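Just the one chain here, laid out as structure tokens, in the form predicted on its own.
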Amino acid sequence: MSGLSHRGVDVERISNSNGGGSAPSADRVPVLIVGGGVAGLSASIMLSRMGVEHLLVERRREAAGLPKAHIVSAKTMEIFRQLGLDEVVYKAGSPLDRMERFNWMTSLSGPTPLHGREIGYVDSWGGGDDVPRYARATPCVYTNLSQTKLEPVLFGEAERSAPGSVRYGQELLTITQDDDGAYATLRDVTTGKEWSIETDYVLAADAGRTVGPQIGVGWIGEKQIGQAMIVHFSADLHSWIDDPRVGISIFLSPDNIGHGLWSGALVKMGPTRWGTDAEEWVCHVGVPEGGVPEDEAEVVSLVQRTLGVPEEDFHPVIHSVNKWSIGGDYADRLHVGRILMLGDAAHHHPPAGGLGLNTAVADAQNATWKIAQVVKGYASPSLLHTYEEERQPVARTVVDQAVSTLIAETDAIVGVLGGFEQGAEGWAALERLFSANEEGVRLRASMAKMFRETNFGTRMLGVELGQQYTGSAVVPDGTEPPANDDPIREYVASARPGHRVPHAWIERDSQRFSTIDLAKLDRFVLVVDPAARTAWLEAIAGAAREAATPIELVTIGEHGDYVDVTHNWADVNGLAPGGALLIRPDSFVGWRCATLPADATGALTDAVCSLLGLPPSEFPVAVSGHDAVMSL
């Protein structure tokens, strides 16, 4: 069935256009990405790395984004490392020691001794005292890079990787699907001309604006927890900021209680200096009753009062003012026919924990390797069902965690203060906290203890790295997950199927690599010890007769491709001599065989076919000349 007759509308197929981006040169593409934010651009880069033709369309005319998302986690940096983008992102972002503290303050400055006071702080994002703990878990560190700066980096790489396949200024009007494909109608926002395209699969990364509502996707959770104004500005604030390590400050003022207890927040944005002398900042303030002010002077006044700095000394340059409707919900379906939901089209988060952007990039990684396997004929389309199986529980967990963290922060502070109210009562509570008497000493000690023990959303290593996948894209090995008394903050390394492959430093030719680096987007990687190399090479060759997907063999150990210099790999992989570990393209363990089986070929073939959704008898036969066996 043709796309035109299926939709029943009369639109022109365009092969050339002069608007905000030229129209596609073909009537059909294997993959259509709707949305050019972080999730969509990441997906485009990933598909390009895997050689999958695609088209990205975005209604905005340029890559910029809003300055609300800015924390780039260690796990996201692992993904960017896989894409070869880690160095450029680190170069643009904040050093860890300029973002490693998160604090609550009464204000930056003000007329009384209670203004400009720090209520408490926590080590954040793997910095401070957490550096050794995070370094054991991951080869990467966090960075702080505003979405306004990250999106152009990703856009440039997406355009370089697939010239002409990223089209801004193109608005999706309709999306439909049937057994033969999906059909999109779009409009060039500059010329107004409508055009259509057919595709095999759709990645919806449009923040839930168009695709989800048209295909009946609903939402679970709170659609709107609150609203905030996001004011992006340049100003010299160094006179009022003492600690260059603080990346985010939350303000608590009895004169200006907003959402929860927040009076506002200040986020450091660099972009070339990241200490107290940073040039750019973002201030989160409550939305006035009359809505977002159109008068810039009123915006400046709101920010000035939130920060508490002297009016006569505050002369900001306002770059943008936006309203953020803060939600805590996730889509009830992430996979509908030929369409997968990514990023904000799949989940909305409060700012606590900085989880939104990072979950979106992981969505893209999970979705794209599966679509690539299907498009190339290596896997059954049923593999796409596992996207929802794996990512919806993650969406639910991170949304629930972000919402509960937002509540826990304020409840914990109120608990120490013995209550906190607007006006004089609030100031009296702060007076008791900062008093030099015995009560003040006790309260400050209690506050410091509370900050150390409470989850403020900046130390969620378990949420970030401890995700566990179940479903048909994982072959269980009968073992139980490792015990973890604090799965939010603590990460326990495990090579159990369904877990991210543990990080361990390995060496090759005197160069250091992480076991995370073994994962390749376009193939599976089988890790074995050197003594079992021949047996598993034969198994890969045998499996290739049933499973055409490329499998790369890597040996770790003495006389292997890599040397386990720290012996950490041997401690965490769960393998006996002769065993094997199959790493999926997204760095998660798909299968583990603890020892060398009598029929290694059969075991590996069954595992790969199970992962990709077909029994061996139905699996596509390897194409003659295809490099199904790859060895380092």
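This is a predicted model, so every value here is computed, not measured. We number the residues from 1 along the sequence you see.
What comes next is about the form predicted together with a small molecule, which does not appear here.
- For the small molecule in the predicted complex, the listed stretch (576-584, 593-601, 561-569, 37-45) containing residues with heavy atoms inside 4.5 Å is 37-45.
- Screening 379, 71, 364, 339 for any heavy atom within 4.5 Å of the small molecule in the predicted complex leaves a single hit, 71.
- Contact with the small molecule in the predicted complex, defined as a heavy atom within 4.5 Å, holds for exactly one of 552, 388, 151, 194, namely 151.
- Contact check for 335, 404 and 487: none of the three has a heavy atom within 4.5 Å of the small molecule in the predicted complex.
- Contact between residue 343 and the small molecule in the predicted complex is found at the 4.5 Å heavy atom cutoff.
- Although the partner is absent here, residue 284 lies within 4.5 Å of the small molecule in the predicted complex, judged by heavy atoms.
- Not displayed here, the small molecule is approached by residue 357 to within 4.5 Å at the level of heavy atoms in the predicted complex.
- In the predicted complex, the small molecule sits within 4.5 Å of a heavy atom of residue 351.
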